[in-house]
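In the structure tokens that follow, the same protein chain appears in two forms, which are kept apart as structure 1 and structure 2.
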Structure 1
């Protein structure tokens, strides 16, 4: 089983638009949206919901005011400043349970925390596993792990040997959860100083977890000098640039029409993405 994950470090570089096109180009695959706190892939793939599950993960402390003697010990020991005025702020509580273990009148219990939902949908491109993290919830990494695990299971039962994942921005917990153990990462960057800075960090994360990476420079013509800088940097790092995709308004137009670019238009951008996908399949075949 091969798994390609699309990451970027910086947000808004075009991950989801590119994954949407891969969905249309790749033959047998399961799609996974690992950006669980701002999922957008469904907006391009017009999914039909098949299966929906609540996601419970971790715990949150609850103080019973009837039993609480207001001794203040819990507030004193909580490292996350989650208890104030003998009430737990659920958005600050990290669910460690320390308070519940030391409360003298045993007024604190730990309750399972509702952290979101995950879904299996049918699309005309193949099955899609996606999720929605509960508002302001933590444990996005665990929800990502669930999405990947479900995608794998689905692929196994249907005899599919490819998973394409749309990853989250950043380099923290949900990115690590999307990346670890994947066959290949495609890093989508843009020729801006922010894009370059963030590419360097996310490439570092790929190294850290020993996942090979390819780079795609999106909107490559908005600053040629920066694009050259990225090329030079990737050469030094021994990382291949798999595509340079020029800026084109049809990318946004396709998004507004809710379609992958390669289906919306057959212009230059679509052609570049087709070539990119060929490159990726070649790399996966190794």
Structure 2
């Protein structure tokens, strides 16, 4: 089984639009949206929900009012100011459990925290595993791991040998969770200063986990000088530029109509993305 994860280092590079086109181009695959903090692949693929599960992760303190003697010790020692008037503010509680250990009447217990949901849906391009992290919740890396695990199980059950994952931006825990063990990473960047900086960081993460990477420069013609800088940097790092996709407002029109660009138009952008997918499949096969 092969898994391609599409990363960007920063948001707004067009990563999800490219994944949507890959969904239309790939023949037999499972799709996974690992950007659980701001999932939006489903907006493009218009999935039909088939299965829904709650995601529990971490702990939160709960005070039993019948046991509580209101000694005030828990409020004094809580470094996160999560306890006020002998009530725990779940959004402020970090789940460290110290208050439950020092409570004289043992009125405080640690309960598992509800952190979000994950889903299995059907799309016109194949099955999609996606998730939604709860408002203000953390542990998104664990939820990403759950999404990937379910996608692999679904692929094994249906005899599918390819997973395409839309990864989160940045280089933090969710990115590491999306990247570890992947067959190939496609890094989508843009010719801006922040795009260059974050490409360097996410490429370092790929190198650390020994995941081979290809680079796609999206909107490559908005700043030719920065595009040349990216090409020079990738050449020095031994990383191949797999595609240079020009800017085109048709991509936005396609998103408004809820379609990947390769289905909406046969313009230059669609042609570049088709060539990019051919390059990825060739790399996986080789």
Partner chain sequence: MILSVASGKGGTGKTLIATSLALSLKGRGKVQLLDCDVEEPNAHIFLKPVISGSEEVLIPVPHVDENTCTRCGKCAEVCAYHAIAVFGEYVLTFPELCHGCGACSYLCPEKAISEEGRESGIVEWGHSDTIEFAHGRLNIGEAMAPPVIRKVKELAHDNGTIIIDAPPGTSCPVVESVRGSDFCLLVTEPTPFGLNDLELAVETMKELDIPCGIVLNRAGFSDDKVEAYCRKENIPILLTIPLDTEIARLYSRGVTLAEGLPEWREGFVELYGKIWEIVDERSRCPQR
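Residue numbers count along the first chain shown, from 1. Whichever C-alpha set is largest while still superposing within 1.5 Å between the two forms counts as the rigid core. Since we're looking at a predicted model, the values are computed, not measured.
- Of the two copies shown, the first one, structure 1, is the form predicted in complex with its partner chain.
- Of the two rigid parts, the smaller turns 20 degrees against the larger between structures 1 and 2, judged by C-alpha superposition.
- Here the two forms are laid over each other by their core, and the C-alpha of residue 92 is off by 3.8 Å between structures 1 and 2.
- On rigid-core superposition between structures 1 and 2, the C-alpha of residue 68 is found to move 4.5 angstrom.
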